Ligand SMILES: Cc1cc2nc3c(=O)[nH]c(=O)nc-3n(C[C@H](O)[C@H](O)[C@H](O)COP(=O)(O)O)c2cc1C
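The chain below stands alone and is given as structure tokens, in the form predicted on its own.
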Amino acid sequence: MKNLAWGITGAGHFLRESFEVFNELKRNQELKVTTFISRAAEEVIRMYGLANELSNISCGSYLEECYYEREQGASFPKTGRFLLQKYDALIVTPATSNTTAKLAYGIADTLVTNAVAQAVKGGVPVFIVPVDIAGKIESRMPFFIDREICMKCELCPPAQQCPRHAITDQISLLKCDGCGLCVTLCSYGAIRGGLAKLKVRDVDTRNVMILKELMGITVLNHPQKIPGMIGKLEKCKN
């Protein structure tokens, strides 16, 4: 039985892929996962309709809890588990450019960055999947209203039937839970998600390079690399 810790930060890029990887790990291996969720991650997970999936990965029993930053106070006491050798590894995926920058310069003022600091101090292997490594990326976006397609119907079924009351002339992403009902209700196909092409800033690339040189941290370029690294941990034990 392996005990893993999963740190989630507030990025949409690689978010669904990260959930898919941890669901796969739970299906195929005997392990427990504790999830550490930043304030921004809590919002973004809801926007992308993934909040209910967390219970499939961290069911709430011992070493399978979900810890939300908003509930952990300023001292993040639960990160002390890394000093007690409770986990075989900490995986942070996706890691925003903000989180990557803080880790590169030793700042540990959030739940996830503090977890990384404590893990390194406790000799627990840390794996980071940054969203901004180099070049250009295509990032999956939450639902939005395409104003060039929207007919501004006087009676708008998506707005009337949204269970979160998140739709006016736009979608309030802080209310949206990503259920997708609005997509099916719009007769004109004006509500959709999609991909955005983004250029990675040079400062973010430099921070990733710094991160790669830090003791106890391994940088991965995609969540799909995580199962292989977990397999290597098992071989090292044996």
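We number the residues from 1 along the sequence you see. Since the structure is predicted, the reported quantities are computational estimates derived from the model, not experimental observations.
The form predicted together with this ligand exists for this protein as well; it is not shown, and the discussion that follows is about that form.
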This ligand: the contacting residue among Val208, Cys182, Val44, Cys176 in the predicted complex [heavy atom, 4.5 Å]: Val44
This ligand contact at Gln72 in the predicted complex, heavy atom, 4.5 Å: no
In the predicted complex, Ala11 touching this ligand (heavy atom, 4.5 Å): yes
Partner proximity in the predicted complex: Leu90 to this ligand, non-hydrogen atom cutoff 4.5 Å: no
Ser38 within 4.5 Å of this ligand in the predicted complex, heavy atoms: yes
Candidate stretches 147 to 155, 75 to 83, 126 to 134, 161 to 169, one within 4.5 Å of this ligand in the predicted complex by heavy atom: 126 to 134
In the predicted complex, residues of 209 to 225 near this ligand [heavy atom within 4.5 Å]: none
